[in-house]
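As structure tokens, one chain now follows by itself in the form predicted on its own.
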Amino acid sequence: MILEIAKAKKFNEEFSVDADKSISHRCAIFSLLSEGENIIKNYLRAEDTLNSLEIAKSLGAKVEDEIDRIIITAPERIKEPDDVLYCGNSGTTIRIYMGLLAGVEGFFVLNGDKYLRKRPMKRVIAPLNEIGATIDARNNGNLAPVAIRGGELKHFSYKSRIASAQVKSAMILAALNTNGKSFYTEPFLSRDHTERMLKGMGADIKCKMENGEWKIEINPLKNKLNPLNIEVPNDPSSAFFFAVAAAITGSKAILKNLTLNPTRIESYKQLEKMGAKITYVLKEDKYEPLGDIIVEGQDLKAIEVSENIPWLIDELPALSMAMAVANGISRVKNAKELRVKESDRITAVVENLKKCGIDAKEYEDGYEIKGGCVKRAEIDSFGDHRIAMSFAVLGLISGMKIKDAECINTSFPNFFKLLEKITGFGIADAD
């Protein structure tokens, strides 16, 4: 599928994006640890998150879809499935389920699409095997399919060299199935939905900063957790595409009902540093802080992004589109994690910006972008939804063709409809 994006005029629009992907995944997965009915409103119905829900069903959960809510009732105990558990394109699904299933008696195989099967899994498999899990995979234990022989795990004290919400989540879930108190330390606080949600469900988890590191104490489960009763907030990562769209076209976007969790809005703070006018309107704070973000585009200036990288790793491709039109040379550093996402996003950003006439240089842990005049081009999404959507937004300035754009449906099926509010007419599928 080749997607045609048309040049757009200035706009003043409200956007209600899809529900938060990270929280939706966790609702499906964590419900398996609960007793009673988990009531989830505004669950994201995208390919990736629906795969997480289907896996919960395959593991014995009863799932009722009542249109305005999803009700998940966990089985008495997680059952061994009779088929492979399909994770689609979602690294979150495969990596977090690994942590859950490592301590569950049974045999489980997790697999995904052709892109997921190229992504590294050893970062999760290795620490899980260290605490007694039996997990193997292709390519010397690094690539899906992943085979798990679940069983008893040892309590642990693990110090991660990277700040990764997926690794952390897998290890926390494994810790809940161990025989004693466990500790997990990361060098910097990564996105903390797992800690917040599990604590809200009654898990005995304590978190604190200690000697400049984020330390989590996890006690094993004595009983099943309380069920969720949650309305999933809208996704600030998805909304950020329209924040950038407003910033680079001198427009105004009102982004509705987002989580304002500090670990999720760092990209907006960086866009603000570039010169965009941004207002945060807090409405409530129950499971997560919830509110609106208003973005008004103004002249943008170059910035250097080298801190709080775990808080904006997913939004860096979109932020790079703002860098492409900003005055000066922007730099991204300490972001080597970009190389192990749905694509090598460092290479994907740099190669595609060069096609658009923008001077960009690639480094091992980031890149350099000199703002300039964006030209219409045909770019390759590399099968990565965030690369496809980022360059669709950049195309609002010059027009753009995007190859392999069907990947957008895996995470943000409403993207096309919302983009049409800006362009004023339908998005063309040129293939």
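Residue positions are given as counts along the sequence shown, with the first one as 1. What you see is a predicted model, and the numbers here were worked out from it, not measured in a lab.
What comes next is about the form predicted together with a small molecule, which is not displayed.
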query	finding
The small molecule contact in the model of the complex: E288, any heavy atom under 4.5 Å	no
Q166 within 4.5 Å of the small molecule in the model of the complex, heavy atoms	yes
Interface membership of D314, the small molecule in the model of the complex, 4.5 Å heavy atom rule	yes
Non-hydrogen atom contact Q270 with the small molecule in the model of the complex at 4.5 angstroms	no
Stretch from 208 to 216, 292 to 300, 90 to 98, 318 to 326 whose residues place a heavy atom within 4.5 Å of the small molecule in the model of the complex	90 to 98
In the model of the complex, the residue from R196, K341, K256, K333 that sits within 4.5 Å of the small molecule by heavy atoms	K341
